[in-house]
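Shown next are two forms of a single protein chain, provided one at a time as structure tokens under the names structure 1 and structure 2.
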Structure 1
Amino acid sequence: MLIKKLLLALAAVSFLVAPASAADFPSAPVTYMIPFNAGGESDIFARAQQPLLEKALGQSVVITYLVGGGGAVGWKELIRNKPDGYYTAGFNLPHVILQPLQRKKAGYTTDQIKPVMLFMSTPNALVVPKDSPYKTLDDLLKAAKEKPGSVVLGGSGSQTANHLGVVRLNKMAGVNISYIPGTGTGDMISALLGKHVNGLMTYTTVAKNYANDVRTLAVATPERLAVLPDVPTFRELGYDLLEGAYRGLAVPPGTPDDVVQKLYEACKQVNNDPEFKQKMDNMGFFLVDMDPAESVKFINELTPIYKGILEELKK
């Protein structure tokens, strides 16, 4: 009798701690944490997604911020949260690959970031103020060679697409341009317009949306972009620099796959909304659709590539 009661008690406990399933998910508001400051790509995109996600999920989506470490502070918090689908976070590539590779204590490992979906990308773009003496990429690089230390570029975070873009350009061009990391794109735009930096290694969204304030010297894409047709690629100018960020939504490790799938379907529904798509296209975002499995595969494919880039930069 005692054993029977014990087994029943254990069964009850198991039932109480059983993982959430998609059957009743979501039955409460969902948190969407942004690991960068307001005004950057992650925030702008999430704010545009929010009403459509709420419609798709039938629940409120609460956007919060946890800034620091080029996103690492937020991702460290993500993996510590309950794996039930109610705490989600934006995540970026190559950031979640580079940071664990380059920091002894990033606070998380790449495989702990469980993707829901990779839903958009923004290639790197090198911009300077409209009144900058640097009219071309060649002007900027000549100044960096002639007066070492005279050119300072800002960007979003450390061990990020922007940071790596500057490091790789330095290597390719044989210069030593300094890089100042900000807590996101938003604060670095203020730094640029306030003349605290000479330029930004930023994203196509900034080049497009601040066209009246900045001059874009080059974009890190294979070919010229329809949204920036007059801007040359780095490759055109003799530097084989292809770099940028992919962004998506992630959940804590251990989140049930059926819950992840429901979140994915909601995000996919948002991306398929014609008005949303047109708005994002106009702003310089490039929509993609990678489901959870495709996102993991993509991360696994990129990891050895970035390991190779980091090794090459050491030479």
Structure 2
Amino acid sequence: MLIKKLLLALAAVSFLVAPASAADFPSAPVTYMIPFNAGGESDIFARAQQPLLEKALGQSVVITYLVGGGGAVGWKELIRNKPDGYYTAGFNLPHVILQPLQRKKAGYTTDQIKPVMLFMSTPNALVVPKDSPYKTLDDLLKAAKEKPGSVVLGGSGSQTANHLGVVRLNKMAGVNISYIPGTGTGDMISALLGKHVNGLMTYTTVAKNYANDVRTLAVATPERLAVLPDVPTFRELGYDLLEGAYRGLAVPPGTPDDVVQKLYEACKQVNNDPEFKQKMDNMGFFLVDMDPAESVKFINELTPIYKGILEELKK
């Protein structure tokens, strides 16, 4: 009798501890871990999502930070967590592709990051100071051709979308532009405004938020952007450069697909909120909508491309 009672109690406890059934997901608060510093793009975006996400899920969403190793420390923790949908984390491209390729022990592999959705992108933008002698992309490339190495562009870090953008542009245009990696997007802005660098290969957020101080020469998107209508795309100018960072939400490997689907629908609902969209547009964030399957496909398509560029870089 006593044993039976104990067992019942145990069952009850385990039920309380693990609300794992997908049908009533989510029945407890959901953690949303950011593997980057508070105040960065990932954090700002998550903070804007948080209240709407809570409404869509009917549960509170708890934002935590696990910073280090360019995101790797956080993603390592993500994949170790219980695959029940209650522990989610922001994830970034190209980071989760490049880090496992490049490091001996990144702590995770790309396919262990199970995407819920890729919901936002910040395409690359090439900006120069407002009073720069380079009025067009051609001016800048011409200077780079005349004195190889002497044109210096800054960007958000090593092996980031910015870095790859410069490497790819160098190859396409047959020039040699030097690249200075910073420690984050904000880090290089003072170097630009202080005219230490000739320009930045940065994100559209910078082109938009510092519009008074910079001239944007080109953006790496398929079409011109509504928020920067006068800026040509690289493609228009003859360089087929599409490059940028993507951000999304991921769960540990093995999370049931119906749970992932529920999370996806909640994130999608947030993206469709008109007020949210307006706010993000104004900051230069681009909302995209890739469901779990599309996200996986997208990552698989990008991987060989990045692999190729990494090989190139090593030479």
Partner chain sequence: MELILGSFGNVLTFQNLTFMFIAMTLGMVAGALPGFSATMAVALLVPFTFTMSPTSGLVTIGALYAAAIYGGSFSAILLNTPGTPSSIGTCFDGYPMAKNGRGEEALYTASFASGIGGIIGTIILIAFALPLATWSLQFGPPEFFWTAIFGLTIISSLSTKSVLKGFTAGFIGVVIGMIGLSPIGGDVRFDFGISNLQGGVEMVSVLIGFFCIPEMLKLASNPRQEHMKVGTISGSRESIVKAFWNVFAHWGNIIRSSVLGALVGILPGAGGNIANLVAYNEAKRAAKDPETFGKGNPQGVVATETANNAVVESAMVPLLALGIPGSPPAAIIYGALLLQGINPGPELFTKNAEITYAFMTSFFVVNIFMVIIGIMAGKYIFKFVTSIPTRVLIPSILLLTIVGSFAIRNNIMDTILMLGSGLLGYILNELDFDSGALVLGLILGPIAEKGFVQGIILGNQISTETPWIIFFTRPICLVLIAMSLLSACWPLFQAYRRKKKAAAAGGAA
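Sequence positions of structure 1, starting at 1, serve as the residue numbers. All figures in this text were calculated on a predicted structure; none of them were measured in a lab. We call the rigid core whatever largest set of C-alpha positions still superposes within 1.5 Å between the two forms.
Both panels show the same chain in isolation, but it is structure 1 that comes from the form predicted on its own. Rigid-body analysis of C-alpha superpositions between structures 1 and 2 gives a rotation of the smaller part of 23 degrees. Superposing the rigid core and comparing between structures 1 and 2 gives a CA shift of 3.8 Å at Ala207.
Shown is the Cα shift of Leu241 between structures 1 and 2 after rigid core superposition, which amounts to 5.8 Å.
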